[in-house]
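Listed next as structure tokens is one chain, alone, in the form predicted alone.
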Amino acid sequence: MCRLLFSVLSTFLGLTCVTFFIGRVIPIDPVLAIVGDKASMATYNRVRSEIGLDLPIPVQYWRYLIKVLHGDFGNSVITSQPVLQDLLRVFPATLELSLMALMIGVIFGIPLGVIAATHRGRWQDQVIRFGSLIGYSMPVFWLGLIGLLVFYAKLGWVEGPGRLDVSYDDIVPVVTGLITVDSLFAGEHEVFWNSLGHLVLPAAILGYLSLAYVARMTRSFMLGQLKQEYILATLAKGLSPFRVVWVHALGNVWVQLVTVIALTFGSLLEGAVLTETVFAWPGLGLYMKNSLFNADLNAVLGGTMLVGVVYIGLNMLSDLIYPLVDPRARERR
């Protein structure tokens, strides 16, 4: 446990160092973003002094670290509100989208990976590998545009861009920030189905990308397990091939799969920028994109820090889950 805490703290300090120095090297002047390019030099110097940019770099980093530990990322230039408040407002939309995409990736990716491994070299394996290759290498914005053109504009199977129709805004009280969950809690079934109609296409696009990665990694792990001697031993004892593959072999790769799933979830949160832009999804990715285009440095660094903290949390969660799926991990502890 002490080693885990030390790893988390050192990673967090490294994250703050990276975000701090990114804010100092990117070609965005935070003072100009506040005062505008028509402000006098006296005003420029006064604001620069107020935000501490005239201090030595180590002092600036120390002040930045203290503020981050207190949840203070400064104010957004766009909204004039605390960045933390903006992040708490937009993050649930990204979380809802990423969770749905992760469910698609895990529910379909793991079985497809197992099937590909057990049918290595045959047509099932070739089809799954080809589909995974397309999903892993296809640009997400292109898939999003094609999906909108086909399933929304042509077929009308899904709702359009956005998270909810305007007519349903402010009907459901915010509890979790996840509209599909809050609408069910409130008993607003029309809002639920409308939000689900908006969610299904972007989640399917992101889910296809995560499915491709999970399926490839599952296939690789399973191929390694199917070569082990215990597989032949269990088959020789008369156990059914189905039980050998889906219980014994798959059970021995869950530790690696937990890591893959955690990294996939983190990448979904991080990589939702293009998807949210294409689908006008009001989440963290769209917020950071708009902030970057408007030179809102506090918002960009705050969003970057949030994604980094999520990665740290996912790694901690993975370490806690390992003993649940692998008895050997409990013995080592």
Partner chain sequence: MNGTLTWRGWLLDPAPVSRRQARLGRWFRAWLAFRRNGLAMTGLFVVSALVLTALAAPLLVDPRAAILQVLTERLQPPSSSHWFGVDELGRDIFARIVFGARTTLIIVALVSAIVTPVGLGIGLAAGYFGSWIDAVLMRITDIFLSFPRLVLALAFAAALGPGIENAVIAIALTTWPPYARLARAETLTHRRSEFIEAAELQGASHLRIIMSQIMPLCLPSVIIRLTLDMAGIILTAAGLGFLGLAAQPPAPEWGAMVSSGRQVLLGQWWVSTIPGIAIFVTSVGFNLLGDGLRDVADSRSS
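The shown structure was predicted, so the numbers you read here are calculated from the model rather than taken from an experiment. Numbering follows the first chain given and starts at 1.
A second form of this protein, the form predicted in complex with its partner chain, is not displayed here; the remarks below concern that form.
Visitor: Within 4.5 Å of its partner chain in the predicted bound form, do L133, L274 and T304 each have at least one heavy atom?
Guide: The answer is yes; L133, L274 and T304 each reach its partner chain.
Visitor: With a 4.5 Å heavy atom cut-off, would you call W142 a contact of its partner chain in the predicted bound form?
Guide: W142: yes, in contact with its partner chain in the predicted bound form.
Visitor: Contact with its partner chain in the predicted bound form for H189, defined as at least one heavy atom pair within 4.5 Å: yes or no?
Guide: H189: no contact with its partner chain in the predicted bound form.
Visitor: I'd like to know if M138 sits close to its partner chain in the predicted bound form, meaning any non-hydrogen atom pair within 4.5 angstroms.
Guide: Flag for M138 set to yes.
Visitor: Within a 4.5 Å heavy atom cut-off, is L314 in contact with its partner chain in the predicted bound form?
Guide: So L314 does not count as contacting its partner chain.
Visitor: Give me the residue from I51, V35, L65, L292 that has a heavy atom within 4.5 Å of its partner chain in the predicted bound form.
Guide: Answer to the contact question: L292.
Visitor: Out of the stretches listed (38 to 46, 66 to 74, 284 to 292, 52 to 60), which one is close to its partner chain in the predicted bound form, meaning heavy atoms within 4.5 Å?
Guide: Every other range fails; the passing one is 284 to 292.
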